[in-house]
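One chain is shown next in structure tokens, namely the form predicted alone.
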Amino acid sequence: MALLTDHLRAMAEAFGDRTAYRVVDGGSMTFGQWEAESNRLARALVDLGVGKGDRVSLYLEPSEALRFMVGYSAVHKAGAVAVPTNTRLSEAELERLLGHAEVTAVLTDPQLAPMARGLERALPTLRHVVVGPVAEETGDPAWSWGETVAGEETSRFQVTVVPEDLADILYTSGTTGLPKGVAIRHRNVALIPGEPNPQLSGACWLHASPLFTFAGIGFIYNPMQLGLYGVYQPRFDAGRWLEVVEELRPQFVFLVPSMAQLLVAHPRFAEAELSSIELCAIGSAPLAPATLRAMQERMPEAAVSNSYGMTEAGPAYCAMPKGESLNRIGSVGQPMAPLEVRFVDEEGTEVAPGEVGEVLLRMPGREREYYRNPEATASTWQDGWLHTGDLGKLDGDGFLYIVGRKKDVIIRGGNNVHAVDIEAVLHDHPAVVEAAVVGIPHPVLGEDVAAVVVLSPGAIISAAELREHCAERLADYKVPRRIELADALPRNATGKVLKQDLVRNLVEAPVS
């Protein structure tokens, strides 16, 4: 079995002096530097007493992306288990998450070190907090762990691991409750499986998702596995993103829907040079049809798609053929073998072809599970099928459509209302940048439909006008009775809207 670190070593041997990754407005590192420094750090972890299977938290600011990548490789080389950690957690949340993972060590930076060190007394398993240097003060490159790592030996280092050994514990975003840790084993950690095949085209892949998320961590190795070098934007800025695309001319880009919406609304979007992009994948949440159309029309030669994936599903993948996205608005593409898809109703009975049901996924031999949570594992994976909680259907040509989450179905007076349908209509209005629709309690109807809308800069429109816009395009029971305007929508680190926060705010706030 080839490891992710095997591919890095092969790239370092073949292209040691070539750029492997660069950070926008930050540093860069070659494949040789990445391989050597991760070998050195892996040895240091073992010397500290980090044993095979021990959990190691990667708790670093986005600007420390290169150091994060070195640390991620080093943890695997040490035979330990990487725990990518959300930097936006409160102290109590951090203690709960790292306590659940039973971490032995934390790899961090000077800015986050005080929070990490504050946990040493609270967590009996935590023995080491390893802090990277302040590069501006020491002169160390952005990828180096500097004097915090003893020794100069950088030759090949790999503690033996087998396919069933844990590689990562990746905590879900917690949009519907407390985060759960997805246990990822070496046999299913690679999103692009296969033996190392060193190649390098000179083109790049640009992304900006937090590295501690499923959407972000795959892009540590995905670019090199496709013969590309990686470019990472630590904090997304639409104007700077457009400049980077014009400067570096990436072949592939990955965005989350909120980033795509900000790009479409940016004054330079209509004139920016985007012709280098061959694949624009937009994932982690449903994408408004209006945004998809705008992106595809600006990049007519690119394959633009709303990609579908989740931490629990791992390498499950759907592909949208080039030129099909505008013909299949709302589709996330065709499921690719060996992925299998089924759709079931509330009782677990398969629905008729073309009807909406809960999406069940199966990847034989590559299933995942929750770490130290057998009850959640048993309820989520049944007979090898992952119950996603998403509602979807297949069309006659085998294209998958995700129509919402089971918990995003609002039952208003006995009528099922899919929030995504209303959000799509609101996004179609030129004054709307973002919209989120939720169900709120109603004494007669059970639930009522409410929407929170963010307007384009300078736009002036009333809630009544937005309701009229919806009424012209939706059945009357789907039209939001309540529409509130906001400066921004609450989001987690992956860009997903925190709808439970919206519901709480709407319930607690008086009607405007």
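Numbering starts at 1 and follows the sequence shown. For clarity, a rigid core is taken as the largest C-alpha set superposing within 1.5 Å between two forms. Just so we're clear, the structure is a prediction, and the values are computed from it rather than from any experiment.
Quick note: we don't show the form predicted together with adenosine monophosphate (AMP), though the next part is all about it.
For adenosine monophosphate (AMP) in the predicted bound form, the listed stretch (278-286, 436-444, 216-224, 339-347) containing residues with heavy atoms inside 4.5 Å is 278-286. In the predicted bound form, adenosine monophosphate (AMP) lies farther than 4.5 Å from every heavy atom of residue 351. Among residues of the shown chain, residue 185 is not one whose heavy atoms approach adenosine monophosphate (AMP) to within 4.5 Å in the predicted bound form. Mapping the unseen interface onto this chain, residue 388 counts among the residues with a heavy atom inside 4.5 Å of adenosine monophosphate (AMP) in the predicted bound form.
Although the partner is absent here, residue 405 is a contact residue: one of its heavy atoms lies within 4.5 angstroms of adenosine monophosphate (AMP) in the predicted bound form. With the partner omitted from this view, the residue of 122, 378, 326, 411 that lies near adenosine monophosphate (AMP) in the predicted bound form is 411 [heavy atom within 4.5 Å]. Checked against adenosine monophosphate (AMP) in the predicted bound form, the candidates 104, 73, 306, 261 yield a single residue with a heavy atom inside 4.5 Å, and that residue is 306. Residues 307, 308, 309, 310, 311, 312, 332 are the members of 307-332 with a non-hydrogen atom no more than 4.5 angstroms from adenosine monophosphate (AMP) in the predicted bound form. Annotation: Cα of residue 54 displaced by less than 2 Å between this form and the one not shown, core superposition.
Figure legend: C-alpha atoms of residue 388 and residue 416, shown here, are separated by at least 3 angstroms less in the predicted bound form.
In summary, the C-alpha positions of residue 394 and residue 415 diverge in the predicted bound form, ending up at least 3 angstroms farther from each other than in this conformation.
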